[in-house]
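The chain that follows stands alone, in the form predicted alone, written as structure tokens.
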């Protein structure tokens, strides 16, 4: 990330640097902005995950780095080498950018065997850099659990096996940067989890740098060193997965990265460290007031469902937590947790109950409960 440094205090090497990148698609007299003046740094050994819905610009940004799209404005450098500059009219072709890439559609050549597919990137290297091609291919296939398939063709492999072969091909040339375009979206959930684990292990071992595109929040949180949440061609928030999840900077980010309860609210008091927000069902304390918060400001009060507890009406609680009387509308059993939807005066709240599944009976639809907000968990999200 920008301005990062190592333990000795020296600036950390930047694998990818993007400045002022803009791409506009023009068709049939219409203009659609794909990427809108984006700045982004990817540090050496860092995996930046671009997370967002379809059409948010994440794939356009990735393809611009790869050289598969030509932006209208901006600059891109890879390992300190300028590969694109609109002002200098420079655009290196993909093969000269020394990148590995793993596509959503696998992009394996059907007429080539697994060995031929995986070894292909080595043919572009100088002979001295190729090493023992057979040994290198066997090594990377072994790490990914597809050794022994060297003589098979892609049509003879399952979807998960094809994905692992595609990943092996992306890794074989030891590129400085690897680009991932939703590479796990076409495999089932169990295979996807296993491949994510293998990808984490490989990253730990090889220390590659990369940019990873996905619309899957769980995948993004598991893989990202840095998470970039995108919307309408812009990066709306950049940080670790924990930072983005626990301290979203907008209602859009909070809603896209996980589930969130939110209600229209107005700030009625702002102090040095504490603010108060009024909703249709009460006024609540917000810990951690900021300088941008002003009395009369409208926005939303928000809380994650796992931070919402439920108690019997009027039952004492250990902490002086804010509570609101409500009526259970629906209880949904999801194995590891129960989702409980509760009607409040003029609003609704969802709570996730984890211990209720194994230790006690969950509340019953139609029953009255006290909704208890964990102290310090309510957040202010400006409009």
Partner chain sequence: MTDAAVSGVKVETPRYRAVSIIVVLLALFVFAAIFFPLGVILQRALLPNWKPDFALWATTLAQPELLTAVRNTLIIAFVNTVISVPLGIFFAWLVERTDARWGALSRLLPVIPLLLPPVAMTIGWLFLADPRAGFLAAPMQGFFRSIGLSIDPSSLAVQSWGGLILLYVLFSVPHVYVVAAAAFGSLDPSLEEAARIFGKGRLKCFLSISVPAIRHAVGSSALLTIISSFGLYSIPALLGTAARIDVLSVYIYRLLHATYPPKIGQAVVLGVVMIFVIGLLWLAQRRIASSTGHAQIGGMGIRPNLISLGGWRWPARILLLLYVLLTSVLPLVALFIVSLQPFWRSTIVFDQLSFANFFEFWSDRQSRAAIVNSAWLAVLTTTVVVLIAGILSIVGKNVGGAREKWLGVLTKVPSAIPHIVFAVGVLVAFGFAPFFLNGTWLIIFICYLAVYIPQASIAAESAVQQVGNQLVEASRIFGARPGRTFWTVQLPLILPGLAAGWALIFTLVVGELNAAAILAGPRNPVIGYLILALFDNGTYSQLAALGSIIGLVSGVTVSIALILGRPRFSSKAVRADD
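Given the structure is predicted, the values throughout are model-derived calculations rather than measurements. Positions refer to the first chain, counted from 1.
Quick note: we don't show the form predicted together with its partner chain, though the next part is all about it.
Open item on the list: For its partner chain, considered in the predicted complex: do all three of 108, 111 and 123 come within 4.5 Å of it, counting heavy atoms only?
Closed with: Looking in the predicted complex, the three residues 108, 111 and 123 all sit within 4.5 Å of its partner chain (heavy atoms).
Open item on the list: Looking at 257, 310, 78, 99 here, can you tell me which has any non-hydrogen atom within 4.5 angstroms of its partner chain in the predicted complex?
Closed with: Result of the distance check: 99.
Open item on the list: Quick check on this chain: which one of 153, 115, 245, 284 has a heavy atom within 4.5 Å of its partner chain in the predicted complex?
Closed with: Comparing distances to its partner chain in the predicted complex, the residue within 4.5 Å is 153.
Task: Options 224-232, 143-151, 169-177, 288-296; stretch whose heavy atom lies within 4.5 Å of its partner chain in the predicted complex - done: Among the candidates, contact is made by 169-177.
Open item on the list: Against its partner chain in the predicted complex, would residue 90 count as a contact residue? Criterion: heavy atoms within 4.5 Å.
Closed with: Residue 90: yes, in contact with its partner chain in the predicted complex.
Open item on the list: Can you tell me whether residue 347 touches its partner chain? I mean in the predicted complex, with a 4.5 angstroms heavy atom cut-off.
Closed with: Because no heavy atom of residue 347 falls inside 4.5 Å of its partner chain in the predicted complex, the answer is no.
TODO: Find out whether any non-hydrogen atom of residue 72 is located within 4.5 angstroms of its partner chain in the predicted complex, and reply yes or no.
DONE: Residue 72: contacts its partner chain in the predicted complex.
TODO: Check whether residue 263 has any heavy atom within 4.5 Å of a heavy atom of its partner chain in the predicted complex, and answer yes or no.
DONE: No, residue 263 stays farther than 4.5 Å from its partner chain in the predicted complex.
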